Ligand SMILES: Cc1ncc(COP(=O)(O)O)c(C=O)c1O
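Below sits a lone chain in structure tokens, taken as the form predicted alone.
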Amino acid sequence: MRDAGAQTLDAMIDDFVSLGERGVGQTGSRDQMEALLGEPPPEMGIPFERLLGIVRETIVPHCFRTTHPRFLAFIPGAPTFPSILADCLASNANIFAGVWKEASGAAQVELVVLDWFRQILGYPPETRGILTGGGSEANLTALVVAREKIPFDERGKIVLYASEHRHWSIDRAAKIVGLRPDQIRPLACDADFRVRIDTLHEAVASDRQAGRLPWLVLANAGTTNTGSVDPLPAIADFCKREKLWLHVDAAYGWPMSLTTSGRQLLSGIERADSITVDPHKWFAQPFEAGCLLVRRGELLTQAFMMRPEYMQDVVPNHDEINFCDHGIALTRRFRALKIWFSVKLLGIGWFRRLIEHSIALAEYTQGLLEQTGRFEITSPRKLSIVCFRYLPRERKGEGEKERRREKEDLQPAIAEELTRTGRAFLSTTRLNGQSTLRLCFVSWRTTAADVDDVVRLLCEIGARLD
């Protein structure tokens, strides 16, 4: 055991230290992966060294590493080594973190972590929450809590209002809780991709007049597309006046509250009825670590607590928490340990510097892109995201329609070609109906030198494909 453990730790450290010197990853076809890994279950085991070699040399290289300093697609994740070690400790202990009686130590650590998040966001003391597998589960949990007080015979009339740039997990959560597609009302956004308050007012008034039941407003505190933050104070005012539940999806943007400018940007988030945050995004934790905070904490237990006969022995005292009463899962791993461990070891100042570092890199990137003269910025830096398009050179006799089509086709082609180099990975999205390139910075590993390299590659690839 000690020998196998030492080999594993050595492999982990080698990978952690040398990651930036290697490619960002590669994708194999199904046939290729079947040839490498497909087999029936073996009757006899193989030596540990050989098995570890398969993981290191075959499986991991055929995955894109979100931890890599030049993985700048989607919303990456780059955990700290202390959080990785803590996740190993949690897996070894295999603690059932569902009820207080069985794991009071784990439950107390989760309470401490949740209270840290509450303080960072300026939420009131009566807040309760739960750590989840990710933002999708947190958003689903929020919808269930918010719907609990709606009578069954009225649930077919409720309407959810959300930005046209909402995260797809909202639509999936709405489907799971039984909403029809017509019960989700997309809201138009302004030029900065923030929800327009006038469209929200008009939609709610129209639905009330039609006999529907306006129910919940979903506001973004850092969209996946552009990092945009909806006008939270105005939305909070409207929800209070109209008696609507306000849920803020801050899965990506919530750590901005650690900075002075971020607290100003997210002003109004403390007035939400519920907030989703994702520590495994911009808070340097390994997957999986999501979180839901609910202002009126007792609503969590009202929505989820059940006490079957086989759970009679674990009824908590009034000041104790069974986290299985706060969400979907009964069996829960000890997710809080990695967050608590890394904050205790590094200090919250380390995470604040991570946010400032990421913002600075995004600003630096935008400046470099503008200096080249080869790109147009389609969404200026918001939080730590920059969106842009490569501009093809003008050709004699080329019409506007042909030029638009060429520009449209060029963006995903550049992204795909960059991926093939193995040097970096970025993603595309669509803004105002047009394909656009996008870079997101959340990693403590990424440096200005990485940005220089990526922008140089984009220029070279763009010129070659053009």
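Note that residue numbering follows the sequence shown and begins at 1. The structure displayed is predicted, hence computed values, not measured ones.
The same protein also has a form predicted in complex with the named molecule, omitted here; what follows describes it.
Enquirer: Counting any non-hydrogen atom inside 4.5 Å, which residue from 269, 75, 189, 321 sits next to the named molecule in the predicted bound form?
Expert: It is 75.
Enquirer: Going by heavy atom distances of 4.5 angstroms or less, which of 80, 358, 257, 139 would be at the interface with the named molecule in the predicted bound form?
Expert: Of the candidates 80, 358, 257, 139, 139 is the one lying within 4.5 Å of the named molecule in the predicted bound form.
Enquirer: Quick one: find which of 98 to 106, 148 to 156, 165 to 173, 347 to 355 has residues within 4.5 Å of the named molecule in the predicted bound form by heavy atom distance.
Expert: Checking each option against the 4.5 Å cut-off leaves 165 to 173.
Enquirer: Please tell me whether any heavy atom belonging to residue 326 falls inside 4.5 Å of a heavy atom of the named molecule, as the geometry stands in the predicted bound form.
Expert: Output for residue 326 is no: heavy atoms all beyond 4.5 Å of the named molecule.
Enquirer: Wondering, does residue 134 line up within 4.5 Å of the named molecule in the predicted bound form on heavy atoms?
Expert: Although the named molecule is absent here, residue 134 would touch it in the predicted bound form, with heavy atoms inside 4.5 Å.
Enquirer: Looking in the predicted bound form, any heavy atom of residue 222 within 4.5 Å of the named molecule?
Expert: Although the named molecule is absent here, residue 222 would touch it in the predicted bound form, with heavy atoms inside 4.5 Å.
Enquirer: Examine residue 230 and determine whether its closest non-hydrogen atom to the named molecule in the predicted bound form is within 4.5 angstroms.
Expert: Outside the cut-off, so no.
Enquirer: Enumerate the residues of 265 to 304 that have a non-hydrogen atom within 4.5 Å of the named molecule in the predicted bound form, in sequence order, or give none.
Expert: The stretch touches the partner through 278, 280, 281.
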